[in-house]
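One chain follows as structure tokens, the form predicted alone.
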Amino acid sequence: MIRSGGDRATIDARIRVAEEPAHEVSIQLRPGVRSLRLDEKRVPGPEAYFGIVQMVLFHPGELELVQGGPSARRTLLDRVLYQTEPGYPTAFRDHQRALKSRNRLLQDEASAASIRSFDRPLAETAVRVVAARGRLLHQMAPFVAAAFAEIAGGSSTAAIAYRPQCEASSADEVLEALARSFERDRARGATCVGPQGDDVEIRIDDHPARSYGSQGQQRALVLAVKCAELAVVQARAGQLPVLLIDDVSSELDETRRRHLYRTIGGGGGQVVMTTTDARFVPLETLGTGGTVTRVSQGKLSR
């Protein structure tokens, strides 16, 4: 973030994966503006980095996966797919572009023909987005169940599944759903059919985790989901992702911290952790020679 009293912040990094050539990354932050460069060329967004190195992020806000609305859960799927399925970024961007255009016409009360002109591109990209998300959740589900059983000691079970708003396996089926929903779309000023309304169902002991699980169970479930994400990204990418952990140790009890560190220590990949209390990061547990860097008043020291 921009330091208090400053007008900008700059981050420069060199990324090297295996034997591939290194890449230069630069991010500059100004109030309300983010500028990104990759190998000295300006790029529109962080998705440009996803083809270079895979990353898994774990931070305290991840509880939104269980306690929050569908948006956080869709974002998790999209982030993994951006990194591991080459055609997904294009399909997702094309769908978002068509959706935005159709919604704008709905809000402007444009003619039916103008609005419906976006139905075909919307339907074709929706099928691709939904299919990719479904495949990912099918792959993640057994990892979530196994990790949760280990963390919870086998006393409870967990399950995760994709719940598309529109059950359609072809673009023609989506087109039919859009046609049926057209008058409702006009009344609401927004497109009601499509992956923008999908959700991920997360259950504990066959009950909705959001309302049934205790806070401890919900935290265990979030940890299980992140462990599954780590395993699936590695399996799909064929290499270990970088694991970024932002001050979650203080949010976990000792049992869940042990599971987290055991997962990290056995993985062999690169891990970057932040914390306000070094006691929560026992380097000896991780099994590798870690480096502690302290940040104070904008300066780094070891």
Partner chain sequence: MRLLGRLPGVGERTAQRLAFFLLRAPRDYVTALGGSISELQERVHPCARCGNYTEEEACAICTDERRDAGVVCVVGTVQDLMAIERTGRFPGRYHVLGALLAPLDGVGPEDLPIPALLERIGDGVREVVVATPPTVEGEATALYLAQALKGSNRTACVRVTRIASGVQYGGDLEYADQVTLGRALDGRREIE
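Numbering follows the first chain given and starts at 1. All of these numbers come straight from a predicted model, not from anything done at the bench.
Absent from the display: the form predicted in complex with the partner chain. The rest refers to it.
Q: Please state whether all three residues R97, L105 and F118 have a non-hydrogen atom within 4.5 angstroms of the partner chain in the model of the complex.
A: Every residue of the spot touches the partner chain in the model of the complex.
Q: Which among 123 to 131, 183 to 191, 226 to 234, 212 to 220 is in contact with the partner chain in the model of the complex, heavy atoms within 4.5 angstroms?
A: Result for this chain: 123 to 131.
Q: Might E150 be said to contact the partner chain in the model of the complex, defining contact as any heavy atom within 4.5 Å?
A: Residue-level check for E150: no, no contact with the partner chain.
Q: Taking any heavy atom pair closer than or equal to 4.5 Å as contact, tell me whether G87 reaches the partner chain in the model of the complex.
A: Answer yes; at least one heavy atom of G87 falls within 4.5 Å of the partner chain in the model of the complex.
Q: May I ask you to check whether S114 falls inside a 4.5 Å heavy atom distance of the partner chain in the model of the complex?
A: Contact check for S114: yes, within 4.5 Å of the partner chain in the model of the complex.
Q: Although the partner chain is absent from this view, report whether S101 comes within 4.5 Å of it in the model of the complex, heavy atoms only.
A: Judged by the heavy-atom cut-off of 4.5 Å, S101 is in contact with the partner chain in the model of the complex.
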